[in-house]
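The structure tokens that follow cover one protein chain in two forms, given apart as structure 1 and structure 2.
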Structure 1
Amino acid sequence: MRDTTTARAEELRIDAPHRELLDQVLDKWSLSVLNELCERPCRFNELRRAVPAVTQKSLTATLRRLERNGIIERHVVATRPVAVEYRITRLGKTLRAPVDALLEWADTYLPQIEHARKAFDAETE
């Protein structure tokens, strides 16, 4: 029989700060941006080309959120004209393993999820 300390440690907790962070770091555009920045530092327009579906406004907001959370950093390059480059931080690199685990889970269970969706949709029609 498990003691209460072990049960609490295994309990899944998603408090408001956790939810806010996950919403900001694992949203639609953040994952695409992080995927690019894991490979190399990029300038804004390079990111726009790499993620063509994102609007300028959404990309700007995404970069600001990631920078605010310490996941990426903004580096001013002393060129003429001045350029800005974004790169992933050490903290940002720690996201790789959990994101990879989520993607692996999705790859494994997506067929079952799609089956469940079809069954649900058929019942509600």
Structure 2
Amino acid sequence: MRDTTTARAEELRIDAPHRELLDQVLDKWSLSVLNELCERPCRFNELRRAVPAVTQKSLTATLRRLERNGIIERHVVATRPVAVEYRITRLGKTLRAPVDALLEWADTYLPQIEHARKAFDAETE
């Protein structure tokens, strides 16, 4: 029997399902969308405005993927015209802490990394 807790302390497993999950949850637009929905529920076009660079198609795909994974919920309000509200789920909220940790890491070390890139590019030229 494998003791995953102990194993993880030494070496983290990264198999296909884990990799796929991270791909779906951390892809190009997901973080920006999650970021907005952590603040408040949003309508489709609100999200478009909040993330100006995303196209309709990609935003739709991102929202569907996050919904499928149980990270966000889609609520249709049958007004005229129809209104659709997206909300983060309880499951989705659990993502906040690890993603924040990652973004803080990026924020903290970006300067050092940009410095490393310049050094690398200079000596590679």
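Since this is a predicted model, take the numbers as computed values, not measurements. For clarity, a rigid core is taken as the largest C-alpha set superposing within 1.5 Å between two forms. Sequence positions of structure 1, starting at 1, serve as the residue numbers.
One chain, two forms displayed separately, with the form predicted alone being the first of them, structure 1. With the core superposed, Leu21 shows a C-alpha displacement below 2 Å between structures 1 and 2. Look at Thr108: with the core superposed, its C-alpha moves 2.8 Å between structures 1 and 2.
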